[in-house]
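Read the single chain below, which is given as structure tokens and is the form predicted alone.
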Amino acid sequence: MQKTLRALADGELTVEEAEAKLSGYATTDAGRFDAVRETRRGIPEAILSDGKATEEIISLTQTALNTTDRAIITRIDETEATMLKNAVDDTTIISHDKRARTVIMHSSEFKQPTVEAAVAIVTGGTADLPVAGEAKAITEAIGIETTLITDVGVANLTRMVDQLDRIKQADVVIVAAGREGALPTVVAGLVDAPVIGLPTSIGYGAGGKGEAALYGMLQSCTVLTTVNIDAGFTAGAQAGLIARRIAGDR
């Protein structure tokens, strides 16, 4: 504690950095940023854009960069992303996935963690890519080698069989699917890795907007774990926790 206070007094730390070191979070007008979540849980804190004003997103992003050298923003639209990019320092390294609606920023001093494990993210169709992309952003932020295998839905199972060897190489598999959500059950019956079902809000009519996919995955006769509809962040984080434990056991 004394070391932190001395660094603050000497101007080596900002007030936000000192608060984060002492209490584990940094307080801003937009809320409190959990600066030690990655140390505590193995999952980096992310800033959800939904429901926040642009200035709040910018404030939390700057706090994240100040306290952890990195910021992960999810569900951000293109206008907000542009304003956010213009608000940060020119030396900040920025990755923006428009389809997944994610922005990841880090300083030049940031050291990317690495986890010696592999995750495969499988999608039923191209329409599942936004949610799958969010999951991929999180697994890669955790430091896991991630392979995206797309458009292998059950409408033509030969497409999935063609990719089965690649899927089997992964330590953890995330399967994103909408409509009736059958693909995770099929994959889980063919691999020996943990499978996380990620229902997407693709589909219409009765059971549309991901509901049939969610219920189908929950009722799977093959063992798998299921997250909520369009919960790409949660799927990626859960895969990350499993992968970290696998890597640790190795």
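From a predicted model like this one, the values you see are computed outputs, not experimental measurements. Numbers for residues come from their place in the sequence shown, where the first is 1.
Not pictured, yet referred to below: the form predicted together with another copy of the chain.
Ok, 82, 126, 107, 147: which has a heavy atom sitting within 4.5 Å of another copy of the chain in the predicted complex?
Residue within 4.5 Å of the partner: 126.
Spell out, yes or no, whether the shortest heavy atom distance between residue 64 and another copy of the chain in the predicted complex is within 4.5 Å.
Contact with another copy of the chain, no.
Please check if residue 115 has a heavy atom lying within 4.5 Å of any heavy atom of another copy of the chain in the predicted complex.
It does not: once another copy of the chain is placed as it appears in the predicted complex, residue 115 has no heavy atom within 4.5 Å of it.
Going by a heavy atom distance of 4.5 Å, is residue 212 a contact of another copy of the chain in the predicted complex?
Yes - in the predicted complex, heavy atoms of residue 212 and another copy of the chain come within 4.5 Å of each other.
Heavy atom of residue 58 within 4.5 Å of another copy of the chain in the predicted complex
No, residue 58 stays farther than 4.5 Å from another copy of the chain in the predicted complex.
For a quick check, can you give me the residues of 221-237 that have a heavy atom within 4.5 Å of another copy of the chain in the predicted complex?
Residues within 4.5 Å: 221, 222, 223, 224, 225, 226, 227, 228, 229, 230, 231, 233, 234, 237.
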